[in-house]
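One chain comes next, on its own, written out as structure tokens in the form predicted alone.
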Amino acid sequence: MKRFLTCLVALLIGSTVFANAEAHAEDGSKKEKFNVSDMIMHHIGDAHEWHLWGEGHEGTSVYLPVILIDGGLKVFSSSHFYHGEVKGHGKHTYLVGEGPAAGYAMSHEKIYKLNGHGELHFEGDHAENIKPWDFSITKNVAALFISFLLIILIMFSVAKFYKKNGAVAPKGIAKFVEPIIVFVRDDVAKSNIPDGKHGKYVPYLLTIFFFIWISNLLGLIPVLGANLTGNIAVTFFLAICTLLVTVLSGNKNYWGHIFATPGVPKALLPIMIPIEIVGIFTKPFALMIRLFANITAGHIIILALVSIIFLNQSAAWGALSVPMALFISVLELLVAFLQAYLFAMLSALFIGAAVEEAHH
């Protein structure tokens, strides 16, 4: 279904781009074309500001703190870049910092030191200047903190309820959260981790499930949403966590199947062992790519559908694209839960294979 809609969106946008390629204003001058690609990449990418609405300096943004280590600690607002001088042209455009940000420039949301001529030197599409250590609070980092705080507040509230009332029928937020916790414990952990060993892995599986689910839902909020789980660095870290838990939990039977696969002739072990070792890493790699690709694809489809209105500037096209964007947005609510479930379930499956005892 998603592939069909992606192809449909591509055809609609392609046709409208060609239709508007030579559009002119009433005074005979060419209109400035709406760049779909730039708009989409801006919304799904990370940034040092949290843009809310409006365009350029006329818009409203929350400017996040820039934290650099370059001959000492330097902390200042990212507004010193976004309100600074614009230099370069085309793909080589960059923002020169002012005030505390003097001596630095930002290109494609990456911060560089200016050279002796006060400029950035580009090779291809990327600047070649020195980059200071950047520990800035970007949009995705801020979204991560928000997800973390929400999880802490929800879980502590539920724990406080049961600590105060004991094993009673849940009320309030506990009434909503308890079935999900039981679902993850019984249908994710217990079903995939054998021999009653699931108990110590339930906290980890609950953490990644709620973190991914809440982050996915926050990313769907219009204007305020951030593409956190559509950031490959975030999904990479989550996959590394599952890899470490799996490898560190591996027992003798698990490693025996990797380095001495039962039933395989010894002559084939030099071939099988590398394949099994590669398999250790391809499993979490698949987790990383699946989450990243599905969340990013959902955002792109919604933004592309909305872009059709601006490309055609027609109420008729709006009557088509708005319901389609709304439908995909509702579908993404299901995808948000499904991707959290799949990540937790497959993590439990990998851990279960690592702790399973040999059967004779």
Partner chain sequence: MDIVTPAYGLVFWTGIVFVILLFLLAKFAWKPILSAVNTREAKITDALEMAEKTKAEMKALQAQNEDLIKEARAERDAMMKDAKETTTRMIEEAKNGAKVEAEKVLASARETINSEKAAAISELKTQVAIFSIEIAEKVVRGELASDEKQKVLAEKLAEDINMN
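Residue numbers count along the first chain shown, from 1. Quick caveat: nothing in here was measured; it's all calculated off a predicted structure.
Only in words, not in the display: the form predicted in complex with the partner chain, which the text now covers.
Taking the shortest heavy atom distance, is Val182 within 4.5 Å of the partner chain in the model of the complex?
Within the cut-off, so yes.
Is Leu95 close enough to the partner chain in the model of the complex to count, meaning some heavy atom within 4.5 Å?
No, Leu95 sits far enough from the partner chain in the model of the complex that none of its heavy atoms falls within 4.5 Å.
At the 4.5 Å heavy atom threshold, is Lys110 in contact with the partner chain in the model of the complex?
Contact check for Lys110: yes, within 4.5 Å of the partner chain in the model of the complex.
May I ask you to check whether Pro170 falls inside a 4.5 Å heavy atom distance of the partner chain in the model of the complex?
Flag for Pro170 set to yes.
Please determine, with the chain shown alone, which of 77-85, 144-152, 259-267, 113-121 has non-hydrogen atoms within 4.5 Å of the partner chain in the model of the complex.
Comparing against the partner chain in the model of the complex, the contact stretch is 144-152.
Using a 4.5 Å heavy atom cut-off, which residue among Val234, Ala226, Ile193, Met106 comes into contact with the partner chain in the model of the complex?
Comparing distances to the partner chain in the model of the complex, the residue within 4.5 Å is Val234.
Single option in Ile67, Leu331, Leu64, Leu303 placed near the partner chain in the model of the complex, where near means a heavy atom within 4.5 Å
Partner contact (heavy atom, 4.5 Å) among the options: Ile67.
What residues of 176-214, in sequence order, lie within 4.5 Å of the partner chain in the model of the complex by heavy atom?
Sequence-ordered list: Glu178, Ile181, Val182, Arg185, Val202, Pro203, Tyr204, Leu206, Thr207, Ile208, Phe210, Phe211.
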